[in-house]
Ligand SMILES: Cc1cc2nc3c(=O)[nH]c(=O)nc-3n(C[C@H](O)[C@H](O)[C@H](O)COP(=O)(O)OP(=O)(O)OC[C@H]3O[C@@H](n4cnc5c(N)ncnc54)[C@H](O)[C@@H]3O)c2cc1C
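Taking the form predicted alone, here's one chain by itself in structure tokens.
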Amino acid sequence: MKKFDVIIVGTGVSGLFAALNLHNDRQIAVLTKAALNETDSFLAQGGICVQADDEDFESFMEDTLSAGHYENNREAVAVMINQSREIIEDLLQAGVEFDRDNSGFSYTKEAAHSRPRILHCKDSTGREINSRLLKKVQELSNVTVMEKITVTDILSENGRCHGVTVRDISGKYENYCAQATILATGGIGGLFKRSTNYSHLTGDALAIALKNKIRIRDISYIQIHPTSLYTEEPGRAFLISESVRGEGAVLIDKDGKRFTDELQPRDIVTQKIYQQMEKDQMPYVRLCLKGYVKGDIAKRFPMIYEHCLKQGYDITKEPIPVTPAQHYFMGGIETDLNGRTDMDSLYAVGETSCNGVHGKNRLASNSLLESLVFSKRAAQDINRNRHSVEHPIFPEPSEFSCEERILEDKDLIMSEIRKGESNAGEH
């Protein structure tokens, strides 16, 4: 059995930022199921929201609430907005290089935003932020980062979490004990046939919470992104960032006619696309940048340009086929505004958590901001409440099939999602 002060499960921005905000006299283990950079944070394209100026609070709040169908936790939204500038300053200190123009930061606008308030790093904002934070974490002498480690359960006794049970790549099981544990395992895209998420993101923390009777919230609130690149090839769907439409791109039907307002909330645009696909009897609609996006398209969206070119589409010259795909999970393990779950010493942050900030539908580019704000708050809460507890003696974990467990967890989560959908009127 290994012992740490804090265990963090996940190397997306929420897990890494939590590690950076914990006191440096803590012995910290950061675990990830796959490679260090195989996180959905790394894939994020569009950008990160920030309160643009003092007058922007009310409009930022209203945009977030409207997109979330007013089912948001207003206190959580206020916390996120109020701390947004602080988070951006933290990222700048970490070396993140946001795009700038002659007047300073370059702000873009995305669907359901009433004004430009999104900072970006071309179309690879997540990669820039995640990489910078990972580098900072790897420089810390008090942090041990371990990849290809799957957390299969938590260790608990009398309503308190004492750490996790893990399985390494060789199949060996082991108990890791800690004074505090943070679950930052990301979303549930791996449970869906078509998703922009990595396939290994299968809601492991959610399954663990369900099995340990830890409260969950809004489990049926799943966001479908309107635009992923259409392909008949299997595998992860390639996202076409919302910022493409924010910069002016339009959706067209099979006859080349525009059929909707592209800057409505994601759930509405998705619905319009499905309706048009059915009307056209086509498995996709098309997204047209040429003539609508100002400036150098390839320079503004280099990653999207290169990927589409490899697939045979030149976005500077022709429309591209797009179709909706599962993208984000608004529900998750229920937490307070400091990431605390209803089990003592167990925290959840990022997409695997739910404090109600997003409501029923997340506003574009709020995900990175939300993850950073509340992971920092979780770390600060752990710092404030430092105490040492003697761990009970847990039996050595038994050997069992990881593959069977993954299938079991998938069935468990999907069953809960269906239950949540049938009870949607109660939310």
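Because the structure is predicted, anything quoted here is derived from the model rather than measured. Don't overthink the numbering: it's just position in the shown sequence, from 1.
Not on display, but discussed next: the form predicted in complex with this ligand.
Taking the partner from elsewhere, every residue among S14, A44 and D204 has a non-hydrogen atom within 4.5 angstroms of this ligand in the predicted bound form. Distance criterion of 4.5 Å from any heavy atom to this ligand in the predicted bound form singles out Y328 from the list F98, Y176, Y328, Y107. None of I154, I222, I149, V137 but one reaches within 4.5 angstroms of this ligand in the predicted bound form through a heavy atom, and that residue is I149.
Taking the partner from the other structure, this ligand in the predicted bound form has no heavy atom within 4.5 Å of any heavy atom of T341.
In the predicted bound form, at least one heavy atom of K33 sits within 4.5 Å of a heavy atom of this ligand. S228 falls outside the set of residues with a heavy atom inside 4.5 Å of this ligand in the predicted bound form. A residue is said to contact a partner when one of its heavy atoms sits within 4.5 Å of a partner heavy atom; T196 meets this definition for this ligand in the predicted bound form.
Looking at 51 to 59, 389 to 397, 64 to 72, 365 to 373, the stretch with residues near this ligand in the predicted bound form, meaning non-hydrogen atoms within 4.5 angstroms, turns out to be 365 to 373.
Residues of 164 to 202 lying near this ligand in the predicted bound form, listed in sequence order, are A184, T185, G186, T196, N197, H200, L201, the criterion being any heavy atom within 4.5 Å.
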